[in-house]
Each structure stands twice: as C-alpha cells, then as structure tokens.
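Just the one chain here, laid out as structure tokens, in the form predicted alone.
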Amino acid sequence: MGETPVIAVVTAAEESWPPGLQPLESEARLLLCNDRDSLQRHLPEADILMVADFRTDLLEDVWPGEHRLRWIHATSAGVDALMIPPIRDSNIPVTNARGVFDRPIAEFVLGQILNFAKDFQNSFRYQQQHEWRHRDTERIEGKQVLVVGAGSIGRQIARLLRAAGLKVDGIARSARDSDPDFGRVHASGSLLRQLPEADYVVIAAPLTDDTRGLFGPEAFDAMREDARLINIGRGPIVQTDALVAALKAGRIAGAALDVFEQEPLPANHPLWDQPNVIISAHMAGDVVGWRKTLTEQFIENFRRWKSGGKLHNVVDKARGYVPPA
C-alpha cells in the first residue's frame, strides 16, 4: 500500500483525539470527525473509519454515495450502531474491541453480585445516617448464575464467577453439554426454561435483531422472585417498562443496570427511585487507562492491515458480533 492511508476518527461531540494516537502520525493522515459537518466532509476521503463514539447515529445520515473505505473499526465491543444497511450489506470488514473489556466487566459483575448478597447499598446508607443496624447477609458460594451471551465477555464472567464458587451456565445460539468455562451452554430457544433455575441472570449479549427486547414480561415472569438481573450488555435487550413493572410487583428481587434503552437515563425515570436497583452510567468495562488500551489495539490492527495481514476481531455482520474461533 504505497499511498499514505487516511483514517477518519469519529468521536463524540466536541471531544478531541483519543489518547495514544501519536504513533500513527507518521504512518497515516488522521482526520478528526466530532460533529456532523466534519464527518460528512471527511468520510468520502477516508480509507479507514475508526469509530470511538459507540452511540453515534450520524453515519446513516451522512453516508456518502461514493467512498473509498476499506476497513471500519469500532473501539467498543458492540457494533450495533455501525450496522446500517450500506455497511452491513457491503464487503467492508468491520472489527471491534473484543477482549479489552472482558476482565473488567467480569469484575464488575462479580462486584454487583457481592453488592446484592452482602447488602452493601444499605450499609452505605446506614453509615450516612449514623445508624448501627445488624443484618444477616447471603452467601454467593453455590448460587446459580445464567449468563445470556457466551461470547468473550460472557466467558470471562463465567471463569471469574466459577472461581468465586458460583455455578454458571450460559445461553448461546447453540447448546453445548461440555464447555471449559460454563457448566452447560443452553440454546437461546430454551431461555424461558432456564430462567427459573437462576439466582442471578447476567445479560452479556450483543444487541441484534434476535436479542432486542428479549427480556420482556414473559422473561420476568419466568424468573424467580428472589432472582436478580444484571445487564452489562445493551440497554434495548431489556424492555424497560416491563422491568419496572416486574420490580414494583416484586416478581424479581432486584436489578443492577449499567445500560439502558435511553442513555443517559432521564433524571425523572422511575428506576432511579427503586430501592432494589443499582444504576451505573454505562461504565462496567471502563477502568483507568481503557481509552489508551483501545487505541493501542487499533494501532496493532492497523499495522497488520497496512502490511497486508489478517485483521483481528472481524465481525460477522449478519450476526452482529465476532464469532467464536
């Protein structure tokens, strides 16, 4: 590839360059796209599109009739925002940040399970009120977890939870009786049959046509009344109104939610005031230094692409995720 490649870098409004891109300044021409006008101006001349704003909805609006794109990379695990028809139906390879967030998200999930079991929320509240209140708490050892989504994130969750003494099954496209990380992997069609067995249900699936709205009234009715839901996947997998109704009616015991159908979650949303809900701001995998790690991963893949090598983390665009090896 003799010509200097052009990389259009899409960031959120008014954000500057992702950290750590300096090593590429001598290898490529970098174009910052942090609003509609800059994206519309730079997209037709880009060879590579690096999308660092996973919430962007501008691509479909400004997609050019003519372009020279040869590769699109998302600095996120989910690629649902990129699956617009002209990308999904093209031969442009799409890659993602598979692997960067796996362990941090697994730690986050374990933390939320401990939070529920050890009642840390109320301990913090009683401390603020200077109130000494003894309670019995729960053990996590031997509890059953169902991880919906057996990809790299779900697999890392299973490894860590099993190391902590929990029993973990998974839900995937196809069933597997023997798996190195899960006790069993059940087919996605059996979700409603598996939900009643779980003390904790963890959503770690990507957002696809099959998973959108997957957790609605029927799923919550299938869960046990003492079960907790943890969602670190994508917000639209859960029907928010159905979740609120289930929580208020006591059909499930609680929820730890890192992702939502609408983000940011509106300040007047009823989920904020649910006593059995833990809310975080889409940050389950965001540990100190994560942005630079994402850039380093992209640079490694860029040099592989530039030398004619095989890209890592190529997404199956029909499925919406990187298929297992």
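Residues carry their position along the shown sequence, with the first being 1. All values reported here derive from a predicted model rather than from experimental measurement.
One more form of this protein, predicted in complex with a further copy of the same chain, exists but is not displayed; see below.
What is the one choice in 265, 58, 43, 31 with a heavy atom within 4.5 Å of a further copy of the same chain in the predicted complex? Spelling it out, the residue with a heavy atom inside the cut-off is 265.
Consider the chain as shown here, without its partner, and state which of 196, 93, 86, 111 has a heavy atom within 4.5 Å of a further copy of the same chain in the predicted complex. Flagged contact: 111.
Is it the case that 125, 130 and 138 all touch a further copy of the same chain in the predicted complex, with a non-hydrogen atom of each within 4.5 angstroms? Per the other structure, all of 125, 130 and 138 touch a further copy of the same chain.
May I ask you to check whether residue 189 falls inside a 4.5 Å heavy atom distance of a further copy of the same chain in the predicted complex? Contact check for residue 189: no, nothing within 4.5 Å of a further copy of the same chain in the predicted complex.
Indicate whether residue 107 is a 4.5 Å heavy atom neighbour of a further copy of the same chain in the predicted complex. Within the cut-off, so yes.
Taking a further copy of the same chain as it sits in the predicted complex, is residue 291 near enough to touch it, meaning that at least one heavy atom pair lies within 4.5 angstroms? Yes, residue 291 lies within 4.5 Å of a further copy of the same chain in the predicted complex.
Just checking whether residue 103 would be counted as a contact of a further copy of the same chain in the predicted complex - the rule being heavy atoms within 4.5 angstroms. Residue 103: yes, in contact with a further copy of the same chain in the predicted complex.
I need the one stretch from 44-52, 271-279, 23-31, 65-73 whose residues put non-hydrogen atoms within 4.5 angstroms of a further copy of the same chain in the predicted complex. Result of the contact check: 271-279.
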